[in-house]
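Heads up, the chain below is alone and in the form predicted alone; it's given as structure tokens.
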């Protein structure tokens, strides 16, 4: 995977997740950040920082992005969410429009 085909997502604690651009584009918010016209830092550097999303939640969101791509291609599998992550994950999903 080439660097220009990836996006770096950075959690509140500074942990970096490098994900495939197609996976990141599952999120309408990230898509808008990366494809908006103009000279935005996110567009230029291909990285997005989420100061309100913890590492644990951002990791689960990244897993969801890849699961969503597989599901869209016809591979139906279950996406497990730990009960203790549900509220925080729902809030992040709402923000990210996923």
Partner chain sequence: MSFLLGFGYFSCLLVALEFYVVEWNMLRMRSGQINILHGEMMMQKVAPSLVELCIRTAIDNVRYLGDVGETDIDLLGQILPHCTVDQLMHIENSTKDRDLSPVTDKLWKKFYELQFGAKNTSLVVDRMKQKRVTFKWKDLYEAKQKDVDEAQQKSIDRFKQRFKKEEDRKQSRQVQLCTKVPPGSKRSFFGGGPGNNFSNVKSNIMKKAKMQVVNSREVQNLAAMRKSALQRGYSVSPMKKPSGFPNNSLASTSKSTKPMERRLSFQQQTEEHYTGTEIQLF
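Just so you know, these numbers come straight off a predicted model, no measurement behind them. Positions refer to the first chain, counted from 1.
Just so you know, the form predicted together with the partner chain exists too; it's not on screen, but the next bit is about it.
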Students should find that, of 12, 25, 81, 18, the residue having a non-hydrogen atom no more than 4.5 angstroms from the partner chain in the predicted complex is 81
Taking any heavy atom pair closer than or equal to 4.5 Å as contact, tell me whether residue 30 reaches the partner chain in the predicted complex. no
In the predicted complex, does residue 64 come within 4.5 Å of the partner chain, counting heavy atoms only? yes
Does the partner chain get within 4.5 angstroms of any non-hydrogen atom of residue 68 in the predicted complex? yes
Mind listing which residues of 60 to 98 have a heavy atom within 4.5 Å of the partner chain in the predicted complex? 61, 64, 67, 68, 71, 72, 74, 76, 79, 81, 83, 86, 87, 89, 90, 91, 93, 94, 98
